[in-house]
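The data below hold one chain only, encoded as structure tokens and taken in the form predicted on its own.
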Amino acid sequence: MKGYANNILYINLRTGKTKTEPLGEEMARKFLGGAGFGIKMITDYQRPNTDAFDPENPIVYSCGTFCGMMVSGSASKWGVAAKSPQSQGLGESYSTGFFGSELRRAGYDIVVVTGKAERPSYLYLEDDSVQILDASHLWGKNNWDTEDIIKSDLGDPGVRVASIGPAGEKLVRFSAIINDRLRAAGRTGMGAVMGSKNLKAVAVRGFNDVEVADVDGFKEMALEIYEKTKGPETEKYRNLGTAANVLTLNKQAAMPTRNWQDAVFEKADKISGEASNEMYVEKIQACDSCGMRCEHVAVVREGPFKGAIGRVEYEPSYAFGSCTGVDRPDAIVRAVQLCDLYGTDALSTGVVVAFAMEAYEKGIITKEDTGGIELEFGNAEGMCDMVEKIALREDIGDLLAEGVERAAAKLGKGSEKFAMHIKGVEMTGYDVRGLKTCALGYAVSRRGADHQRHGAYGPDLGGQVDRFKAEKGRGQLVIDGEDLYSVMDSLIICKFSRRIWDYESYAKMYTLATGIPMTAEEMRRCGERISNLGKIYNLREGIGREKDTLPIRCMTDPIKSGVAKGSLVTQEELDLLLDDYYETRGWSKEGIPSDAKLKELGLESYAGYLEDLKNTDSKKKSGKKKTTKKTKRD
């Protein structure tokens, strides 16, 4: 089988034992890579109801299908999956840079790590050599220093490193894994899972060739894709990056402001991509083999944040800008840098700080709690100081490090009404109150609040549907996006290039690379299979319909200004959207896949996980009192 390295590596940090198994063509054909491999492996190898911080919670690193190949926007994409410390459900995150291609060249498609090392350790994989090395001298170091020291210790600047910072060591629940200094596998707390295993970093070096099945055909198509990635479909990302969305979403009253108290930021022009590009962006660079060249690196040359370096994107501009009421790009760059250094997800971190700002202004927390910080909205210095306190678990930062759901549960006093999360994962930057299709996508997202699992803002903002209306048919739109994104996250292909691909071209490239025949319909079916397996995993871990919901504020507080003024999502609207989505998926009213659907997708071996849930569902329909089976955790 070409394309793949054909190896799964298993490492037990407690025993020090390692082994490899062949990947197998069936695994490759049904689950592709990246997301598919990650979800499949944690479903199969994690004991049901294992806590995210249990040493036996496996963490799975996986290559995208085209890792190590010259496919623009895909050549070095990698993913990581484990049970999430935030949701206690499916955790998954994706990154790029150069780490993924090095992992494939080292000879691995998947690396599964279990157990907890006795002392701080890091993994070094160099072709067939697998070493668990002492990381005591790295513990407490930030990510950039960690990368530099490991390369120096190994005497090889070509080593690629994916590491955690102090936040991951201290089990901040939204800790990230950082590679190549500026790239993050940020969402769902995968860095904290590494920390719980005393695993500081994974370093890789590979010297193997990555062989493709049809060299001439592959080169021809790869060149065609490369030229397209330099064309008009991706121009926005080259010029301004995703920060181009700041003014667009603000005009559409879809840019959450001051912890979602509104959806229009009156100072958006100050934090726009245009402003950042003019004042701070000094370099635009690309990932391995990519023609898009979208990474806008900003440098602050003067002022209180002098020396700060960070990538300028839309999401951190929302999280550390409009959501916290901060209108200074230099402060946003500094906050992003702090997240890279300490190792936290910039998105969650910004939303957590915004939550704390509202709690401060409402008198729920005080200056004594914050360690002297006057944490009002718009306080740029206070925002950056709080990022550090969260990462180091100092003062109120210790509680905030648990995320807004857990912090609100502890603080009380009505704070749960402005805790902006779904399934314990903080909201990304699309105000769903005036985007009803997108609201459904967020509610059912398998990894919690997220736009990257479905892209359902597209039909709303693109005018394909009435964005303010909830109606039947939106379920199909969300499903189409979910299954497509499951394919993209498995192959793993950059979503910035989504307009130059379709199922036909995904299938053709896959066949040219691997030699495994694949049609467009089979590729689409892979996406549906992976989406359903993600749902099965979450159901098994106790995440059902009651968690497919929206933050309280999105259902009680209408948008105050702009073209979406007065918009919110009622419970009646959400129920209508969920019912339509579940029915279209072929699931029950409680969101449980039917036996027929499992068989259709080749997932019938997982039916046992759903039996108890189906019995409960049947009793609900018949009006019988619900009984709850005790679990190991109970």
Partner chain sequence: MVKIHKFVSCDPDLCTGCTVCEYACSLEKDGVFNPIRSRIRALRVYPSGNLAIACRMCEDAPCVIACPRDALQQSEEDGHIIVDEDKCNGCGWCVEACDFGAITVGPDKIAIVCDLCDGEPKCIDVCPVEALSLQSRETKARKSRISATAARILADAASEADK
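Everything numeric here is computed off the predicted structure, so don't read it as measured data. Residue numbers count along the first chain shown, from 1.
The following text describes the form predicted together with its partner chain, which does not appear among the structures shown.
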| query | finding |
| --- | --- |
| Candidate stretches 565-573, 66-74, 581-589, 47-55, one within 4.5 Å of its partner chain in the model of the complex by heavy atom | 66-74 |
| Full three-residue contact with its partner chain in the model of the complex, heavy atom 4.5 Å, for K362, E368 and C554 | no |
| Its partner chain: the contacting residue among M279, A520, I284, L392 in the model of the complex [heavy atom, 4.5 Å] | I284 |
| Proximity to its partner chain in the model of the complex, single hit among K151, R467, R545, K170 (heavy atom within 4.5 Å) | K151 |
| Heavy atom of F218 within 4.5 Å of its partner chain in the model of the complex | yes |
| Touches its partner chain in the model of the complex: I309 (any heavy atom, 4.5 Å) | yes |
| Partner proximity in the model of the complex: H137 to its partner chain, non-hydrogen atom cutoff 4.5 Å | no |
| Contact flag, N208 vs its partner chain in the model of the complex, heavy atom cut 4.5 Å | yes |
| Partner contacts for 218-246, taking its partner chain in the model of the complex and a 4.5 Å heavy atom cut-off | F218, K219, L223, Y226, K230 |
